[in-house]
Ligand SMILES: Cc1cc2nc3c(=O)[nH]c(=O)nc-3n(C[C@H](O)[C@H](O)[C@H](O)COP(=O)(O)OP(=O)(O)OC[C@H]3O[C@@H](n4cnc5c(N)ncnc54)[C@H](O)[C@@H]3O)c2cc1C
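Here's a solo chain for you in structure tokens, the form predicted on its own.
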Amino acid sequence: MKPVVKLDVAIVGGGIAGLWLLARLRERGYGAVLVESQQLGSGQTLCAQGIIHGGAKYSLHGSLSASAQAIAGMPTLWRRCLSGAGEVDLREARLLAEHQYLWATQAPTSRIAAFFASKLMQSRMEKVAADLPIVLQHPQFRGAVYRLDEPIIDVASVLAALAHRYRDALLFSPEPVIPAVDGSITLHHPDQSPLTLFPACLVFTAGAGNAKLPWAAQQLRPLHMVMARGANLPGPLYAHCLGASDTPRLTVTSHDDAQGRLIWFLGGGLAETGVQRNREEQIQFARQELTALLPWVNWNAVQLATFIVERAEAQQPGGVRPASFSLRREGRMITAWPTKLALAPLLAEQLEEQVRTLDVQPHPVDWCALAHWPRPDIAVSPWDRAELAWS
């Protein structure tokens, strides 16, 4: 007989959405576990730049978009958690920067976008003339800089904090999890006898892996991200550089790799349009952009690497980007997509409400039956991947 463990909630998918939901449910007494078939954060989560958006980048076209309104309260919520006063204790996580900057060039379109954003986000951004990021303190710099109420977190440390606190509820099953007709799921591992979980509610937060579910229609929007490293990098930078569109021309965050080297992680319009370019073309284009925006840096002495990440979202009419998170319910199974890392807390709140509507009540779990089951590791950050080609 295969052992059967009854649960309140089983979560499939160990990115930020699944881990935050697990933490929220466990803190409220629910018997909840999380199942991961690869490594924690191995999909989209560790490919995120770690920005806890407050809405500025969604207001560059002159009005408060639905995305801006949905995400407006996230910096305050995350800061409370980082201080230990929020719904999830993230005191073990690392804050990389208190603020993100918005940087407008001398181009008229860039200045206009900055003006619109500053008028709409008055309580959450302020123009600064001194104490600029190191790279923008150069005499050749021309432009305007605004400080945004948007902290940047070290994503891997957030995953580590949640994994450490709820390790007893993390289960590794290398085979994809497919629910049976009765709603149960059976985990397989080469070193263990099969284990069947019988949850009252099953939640899928597996990103692109949700596509295996017949009721979970989704869309993928790729990004071609760029990373830079080298002694010539002029210190850390956390900034959106504005261009002519309502997407930042370049978004930069800074991180340390496993050897302690400074990494610039480059997204924004560079990554959005980069899906039309191959690796060599994207690297060449990135050098051109960096040289145009920061010409006083010797970019030929900096190494670049790229990778493509697929953002998974619930299918939208016309394939447009959803304004906020999405969830779909099929009986006692729920599928969810956070869309943005910063929105994970709001998604978890809505998922808990869905669990309550299914009349799932908190019950204790026989944790002894799960004590010897293998646990998933945390994935490595993109810049530490062994297969990367730097040039």
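Only a predicted model underlies this, so the values are computations on that prediction, with no experimental measurement involved. One-based numbering along the sequence shown.
We do not show the form predicted in complex with the named molecule, though everything after this point is about it.
- Although the partner is absent here, S42 lies within 4.5 Å of the named molecule in the model of the complex, judged by heavy atoms.
- L223 belongs to the set of residues with a heavy atom inside 4.5 Å of the named molecule in the model of the complex.
- The named molecule is not drawn, but in the model of the complex it has a heavy atom within 4.5 Å of R311.
- In the model of the complex, the named molecule sits within 4.5 Å of a heavy atom of G209.
- Looking at 199 to 207, 86 to 94, 133 to 141, 292 to 300, the stretch with residues near the named molecule in the model of the complex, meaning non-hydrogen atoms within 4.5 angstroms, turns out to be 199 to 207.
- Heavy atoms closer than or equal to 4.5 Å to the named molecule in the model of the complex belong, across 306 to 343, to the residues V309, R311, P338, T339, K340, L341, A342, ordered by sequence position.
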